[in-house]
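This document starts with one chain, in the form predicted alone, laid out as structure tokens.
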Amino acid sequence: MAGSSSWSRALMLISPYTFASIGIAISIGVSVLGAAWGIYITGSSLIGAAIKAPRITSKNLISVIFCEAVAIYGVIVAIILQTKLESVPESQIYAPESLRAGYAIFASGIIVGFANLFCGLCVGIIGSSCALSDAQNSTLFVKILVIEIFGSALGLFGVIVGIIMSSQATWPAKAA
């Protein structure tokens, strides 16, 4: 490590618990950001289109619920990742197994967070178009809703990949 650059040295000296905690925070924080952004996009179009056709308000709330599910995905994964944290003796904090566990939780959090960010945007944009097209032609609602369901599956894919990646997080056993 003597010949390594200052960045690699700095990254190697950061505790795996810090990486794991940042991953958990990114999982929940970025997922909630994606949900909020999707609700903003869908809600503004829904309110605008409801001026022309008030009948669309209640049935298009499903788009807002789909966006809110994105935040729930992030909360669920954050809870799962939090249960993966274990205490390790001071002598084993930088053991390869500890580093792998910290990086696995960090990567899992990033994957889930950003998958849910883009899922929230996707569902928000599709929900917006669903509200606007439903205001024009009510027969299009179910057709666009099916597309919105496929868009919301992106968040589930992120959750699945995050859970699979976090299964690699095993901390060193404590000395007896």
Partner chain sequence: MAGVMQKFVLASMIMWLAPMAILYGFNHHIIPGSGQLSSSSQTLLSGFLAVISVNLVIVLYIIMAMKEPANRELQPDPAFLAEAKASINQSAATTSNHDAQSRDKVE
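Since this is a predicted model, take the numbers as computed values, not measurements. Positions refer to the first chain, counted from 1.
What comes next is about the form predicted together with the partner chain, which does not appear here.
Legend entry - Heavy atom distance at most 4.5 Å to the partner chain in the predicted complex, all of Ile14, Ile22 and Glu90: No: none of Ile14, Ile22 and Glu90 comes within 4.5 Å of the partner chain in the predicted complex.
Inset, instruction - Indicate whether Asn137 is a 4.5 Å heavy atom neighbour of the partner chain in the predicted complex. - result: No, Asn137 is distant from the partner.
Inset, instruction - Would you please decide whether Ser167 lies within 4.5 angstroms of the partner chain in the predicted complex, comparing each non-hydrogen atom pair? - result: Judged by the heavy-atom cut-off of 4.5 Å, Ser167 is in contact with the partner chain in the predicted complex.
Inset, instruction - Could you confirm whether Thr57 comes within 4.5 Å of the partner chain in the predicted complex, counting heavy atoms only? - result: Looking in the predicted complex, residue contacts with the partner chain include Thr57, since a heavy atom lies within 4.5 Å.
Inset, instruction - Using a 4.5 Å heavy atom cut-off, state whether Phe106 contacts the partner chain in the predicted complex. - result: It does not: once the partner chain is placed as it appears in the predicted complex, Phe106 has no heavy atom within 4.5 Å of it.
Legend entry - Heavy atom contacts to the partner chain in the predicted complex at 4.5 Å, residues of 132-148 in sequence order: Contacts from 132-148: Phe141, Val142, Leu145.
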